[in-house]
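Just one chain follows, in the form predicted on its own, and it is written as structure tokens.
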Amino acid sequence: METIKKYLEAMFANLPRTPEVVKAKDELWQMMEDKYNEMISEGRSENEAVGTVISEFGNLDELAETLGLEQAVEESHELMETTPRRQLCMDEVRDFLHAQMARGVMLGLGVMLCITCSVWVIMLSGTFLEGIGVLLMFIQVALAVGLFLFSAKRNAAWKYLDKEPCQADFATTEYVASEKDRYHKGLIGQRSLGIILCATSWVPALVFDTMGLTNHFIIDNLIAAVLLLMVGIGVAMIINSSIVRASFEKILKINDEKTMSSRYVEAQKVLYENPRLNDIMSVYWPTVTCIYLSYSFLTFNWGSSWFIWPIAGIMHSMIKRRMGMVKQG
């Protein structure tokens, strides 16, 4: 039955998304299911039953008049001729997701190397190894730049996803949705831990100061180094989790919202009636993260800058309610 279901989804993928098409699809699915069960009850094999169902109900052009879909089928043919969409296969999407996971690690590591590059200078300052500290700092920056360039070169292979109209079939979108669910808790935990590390990077300084251990330059240098390491690791985790999450969403939102293919993973698509709100919400939380980190680094007021997050959460709810209602699929 799963084979028949996937075949049905492919048949209706490019049809306009209207109540009439949805109703016709449900009716055709019921006919296919009845025919399949009838043949199984007669003792036919599953492969034979599937083949017969597809041969009898698999031509939408012939069934268009019976289902009342003549106009919808004609419109889908015109759409495919005027704006053909590149069909993404399962292996192609799987390779893209793996590449984006590697990209998240490389970019996160590169940013961490940039943030923590001065640790060598801080820790070795005032010693005969200070020159080596400067050398290590430049080596670390060079490694970070190398990671950025290598990541950009690898990512260039997937530019067509942004430039060309593409489409993913039912099986592929189901796979991506299941992978997103599988990684969801891990990504949320990684992002949360990254934010916590950034928000609490001042704690070691407070602890050492409370213990009266900040009167020696070695301790002061150690505190500064720990702060940079915590922030670097935290930012790397935020970047990696954001890139991986965005890769899942890119594939899930790639289908044309005006066709039936947009129904493949309705639970993964959150749209707003106000089109401008879609653009705002797509960058809302990354923007909040940038504001939080920028304000915290500029003021070093980590003790109170965490208030940005609950305020951002309240504003998020207010914007959704005031500017547009959430709708599914």
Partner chain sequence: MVEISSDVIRGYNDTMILYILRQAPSYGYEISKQIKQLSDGKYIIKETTLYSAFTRMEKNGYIESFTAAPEADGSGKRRTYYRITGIGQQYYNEKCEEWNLTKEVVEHFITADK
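Positions refer to the first chain, counted from 1. All of these numbers come straight from a predicted model, not from anything done at the bench.
Absent from the display: the form predicted together with the partner chain. The rest refers to it.
Enquirer: Honest question, do 33, 56 and 66 all end up within 4.5 Å of the partner chain in the predicted bound form by heavy atom distance?
Expert: Yes, each of 33, 56 and 66 comes within 4.5 Å of the partner chain in the predicted bound form.
Enquirer: With a 4.5 Å heavy atom cut-off, would you call residue 46 a contact of the partner chain in the predicted bound form?
Expert: Although the partner chain is absent here, residue 46 would stay clear of it in the predicted bound form, with no heavy atoms inside 4.5 Å.
Enquirer: Although the partner chain is absent from this view, report whether residue 28 comes within 4.5 Å of it in the predicted bound form, heavy atoms only.
Expert: Yes - in the predicted bound form, heavy atoms of residue 28 and the partner chain come within 4.5 Å of each other.
Enquirer: Do residue 316 and the partner chain come within 4.5 Å of each other in the predicted bound form, heavy atoms counted?
Expert: Judged by the heavy-atom cut-off of 4.5 Å, residue 316 is well away from the partner chain in the predicted bound form.
Enquirer: Though only this chain appears here, would residue 17 touch the partner chain in the predicted bound form if you measure heavy atom gaps against 4.5 Å?
Expert: No, residue 17 sits far enough from the partner chain in the predicted bound form that none of its heavy atoms falls within 4.5 Å.
Enquirer: Can you confirm the direction of the Cα distance change for residue 181 and residue 26 in the predicted bound form, closer or farther than in this form, given it is 3 Å or more?
Expert: Closer in the predicted bound form, by 3 Å or more.
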